[in-house]
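Two separate entries follow, structure 1 and structure 2, each one form of the same protein chain as structure tokens.
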Structure 1
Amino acid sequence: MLAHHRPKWKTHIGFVLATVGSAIGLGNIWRFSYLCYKNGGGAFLVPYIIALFVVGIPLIVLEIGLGHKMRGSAPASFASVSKKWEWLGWWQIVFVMFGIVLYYSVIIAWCLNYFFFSFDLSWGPNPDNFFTEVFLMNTDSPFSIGDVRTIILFSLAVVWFLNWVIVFKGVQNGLERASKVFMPILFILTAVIIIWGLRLEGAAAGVAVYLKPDFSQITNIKVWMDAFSQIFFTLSLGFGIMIAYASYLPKKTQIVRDALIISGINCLFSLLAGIGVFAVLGYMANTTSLPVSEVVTESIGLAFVAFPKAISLLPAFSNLFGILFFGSLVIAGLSSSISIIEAFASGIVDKFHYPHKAVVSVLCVAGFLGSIIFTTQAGINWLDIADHFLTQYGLIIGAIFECIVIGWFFKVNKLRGHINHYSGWKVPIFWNFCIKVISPLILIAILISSLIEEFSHNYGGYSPVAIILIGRDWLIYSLFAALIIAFQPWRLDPRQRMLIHEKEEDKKVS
């Protein structure tokens, strides 16, 4: 039986832009800037850069190298290492596809709604009340589901339609072409926001609060945990995305250089986007005669409450600024969501040889239906709990196993040898130590820290039942689903499929 045709990136820049698009998401704009502000400003960059070099870059090199060597999705790659570890690849992409992207697409839908709200500043003089009481109509409990918010449902349908159109068209005509359009637009919009923000009165004070170093914070272990967690999450590690994307690369490629470029662009974007965010918050503080600390809010509140307040206070063209800001969020969100869908579709196609277009169509319909719970009046409560458990535990546990499997069972030297054979920039021997010891130990420390926090009090003040059913059990059910899929027979043995693809590439090269 022949292996199914494996698509390839048409251009190298297409691969780089697609992986950068996957890495750069909504969190780069609102999560990093808040963490930097909270954890010592410029001093936070010290643990952040260390985290980049001892966890971020080593793991992204691992994932790109693994996908390139095994010529397959995350499940196919881990199955090529050993059939015993196939479940790990499935678990990574199952809870990301049927967990993270379900609520992530709803946040993109909110951004799309706010993009149109920006035309007439619909949030009015009280954006906080508008967001929670008018737009979301938020209920107090996750189990007080309430009604579906039609305005969000409609935007969600648009988001999933765009996801479908892009991924349906395949690697070259869909993902690559969209990335070549999305990423330049995102960079331009972000540059405009930064330049515009820095010209506002009070902007310098806001940026100073954002970046002024407080080196006393470096001795705080929580600051280091936040730095390592942010690096891990921001590079889309543990999603199975980098493995799938790397499997579409040609045989001769620059794995190490690409990993450094992707990591560097992602982190630089986060830093610069934070300057734009805090420049505008500085203007808001100046206009309202409040300290910056009183106008800064965390995470979703920063984008949908604090920023609309600041936009309303702008002296001119406030509508246009809102359009640019929320337009950039929509693009950043879509560039990440399409990569998640492709990572899962790649796994299904690899194992069962179903047609890619049919798989993507079914996934997008299922994804839209699964997302509807997050469009209800209790949606933000479900979103908060699911996001906390899936990212804080699912991704971390998956990455720990990833390091153990490649570092100790597969023998990391094999992968290092493969990377160095094809890459002009060589992986040093220290990388072995990072994958086998440093990265898993740090991830285990983050996991233990999170568990200690978890047992000390109920997350978000939610009831134990809500936390168990929406948070913990979501992870458990996704693991069961991964095990069930892993036990299904392959249409073609993954190692045999890998060898067939290698022979086909060798013929093309010769």
Structure 2
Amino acid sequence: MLAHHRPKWKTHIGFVLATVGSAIGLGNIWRFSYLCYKNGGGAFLVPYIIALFVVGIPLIVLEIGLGHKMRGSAPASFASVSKKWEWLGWWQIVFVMFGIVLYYSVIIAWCLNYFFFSFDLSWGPNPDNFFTEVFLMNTDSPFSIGDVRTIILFSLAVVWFLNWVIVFKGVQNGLERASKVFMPILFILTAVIIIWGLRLEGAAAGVAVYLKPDFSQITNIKVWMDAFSQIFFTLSLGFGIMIAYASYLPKKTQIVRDALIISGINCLFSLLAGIGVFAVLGYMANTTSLPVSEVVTESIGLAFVAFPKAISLLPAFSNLFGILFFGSLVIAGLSSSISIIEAFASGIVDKFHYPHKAVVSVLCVAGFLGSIIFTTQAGINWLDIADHFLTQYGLIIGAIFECIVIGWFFKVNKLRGHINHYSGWKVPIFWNFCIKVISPLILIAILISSLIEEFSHNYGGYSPVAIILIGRDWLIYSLFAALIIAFQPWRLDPRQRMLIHEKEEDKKVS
């Protein structure tokens, strides 16, 4: 049986935009700003930038290089290294697709709701109360599920429908085309928001809080844990996405240059968006005569509480500002959620040869149904616990294995040789040391500190039962699911599959 025909990006810029689209998401605006805020403003930037250099960049090079060499999704790529490691690829895409994306799409749905609320500033004079009591109707325990919030359910259906339409159309006509439209719009909207924000009175004080790090926070291990998990989240590392996207690249390509461009644009975007966010917070502090540090008390709700508050205070065109802000969040979110649906679908197609369109359709229906729990009145509590465990543990543990498998079992030098063979910019030998030693050691240290922290008190003050059932077990069940899929037979041996694609590619080149 021949391997199915492997899709390809139509243009190189299409690949870069799609990958940047995956990287830039809610994480860059919603997550980055509340993490920054929570961790002493700019103090967060120091560990964040260190995390970018010591693990972010080395791992993005690894993932793009691996997908390009193995010509396959994450499971196919790890299976080509050795069948023993196939489960790792499945685990990554399973807990992201049936974990992270389930709540991620609900946040996109909130943004869509807030986009429409912006037209008449529906949140009224008390956005705090509006968000928790009127919009979410939040119960205080994860086990008081309450009702599904229909208004959120409705926009969630729209989000999954859009996800489906884009991914269904395939790599060139769906993902690539959407990214070529989404990304320029997102950049323009963000530029408008930043310039607008910086012209407001008090903006400078807000930006100063952001850019003048409070170094007393640097000794706090929690700040480091957040910085490392944020780097994974923001670069979509450990998601299996970069591997799948790189597998659609032509043989001759620029792996190192692309990895640097993608991580550079992504992190620059976060830093600039942070300036916009803090400028607006500075304005709000100025108008309410409070210090910047006091204008926001929310964490996860920062975008939905502090921002609406600030928007209502704007001197002119406040609804337009809200529309731009929430509109850009929707676009950023969608360009990321489509990437994991494709990464998962490509895993299934590689292994079982089911038709791509059917796989995507089933996945999107399943994703929609799975997301519904986060639209209930206990949704934000579930989201908080799931986000903490899946990003702080799932992404980090997955990445530790990734480094060990490639560094020690596959022989990292082989991969470096492959990358350097095709890349104009070369990977230095120091990279081997990063993947084999530095990155895994740092990640293991972060993991151990997270565990110590975890055992010293209940995360977020939730009950231990909630933490175990919603947080830890989510990871364990996804691991079981990954093992079960990994034990199923391949329609075509993964290495043979890779060789066939390679030959196909050679024929095209010659």
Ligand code: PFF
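Here, residue number means position along structure 1's sequence, counting from 1. Just so it is clear, the model here is predicted, and its values are computed rather than measured. Just so we're on the same page, rigid core means the largest C-alpha set that superposes within 1.5 Å between forms.
**Student:** Please let me know, 1 or 2, which structure is the form predicted on its own?
**Tutor:** Form predicted on its own: structure 1.
**Student:** Core aligned, does the CA of residue 190 move at least 2 Å between the two structures?
**Tutor:** Residue 190 C-alpha, core-superposed: shift of less than 2 Å.
**Student:** Do you see a C-alpha shift of 2 Å or more at residue 229 between the two structures, with the core held fixed?
**Tutor:** Result for residue 229: yes, a 2 Å-plus shift.
**Student:** I want to check residue 460: does it shift between the two structures by 2 Å or more at the Cα, with the core superposed?
**Tutor:** Where the cores coincide, residue 460 shows only a C-alpha shift between the two structures that is less than 2 Å.
**Student:** To one decimal place, what C-alpha displacement in Å is found for residue 50 between the two structures with the rigid core superposed?
**Tutor:** Here the C-alpha difference is 3.0 Å.
**Student:** Give the C-alpha shift of residue 38 between the two structures, in Å, after superposing the two forms on their rigid core.
**Tutor:** A shift of 5.6 Å at the C-alpha.
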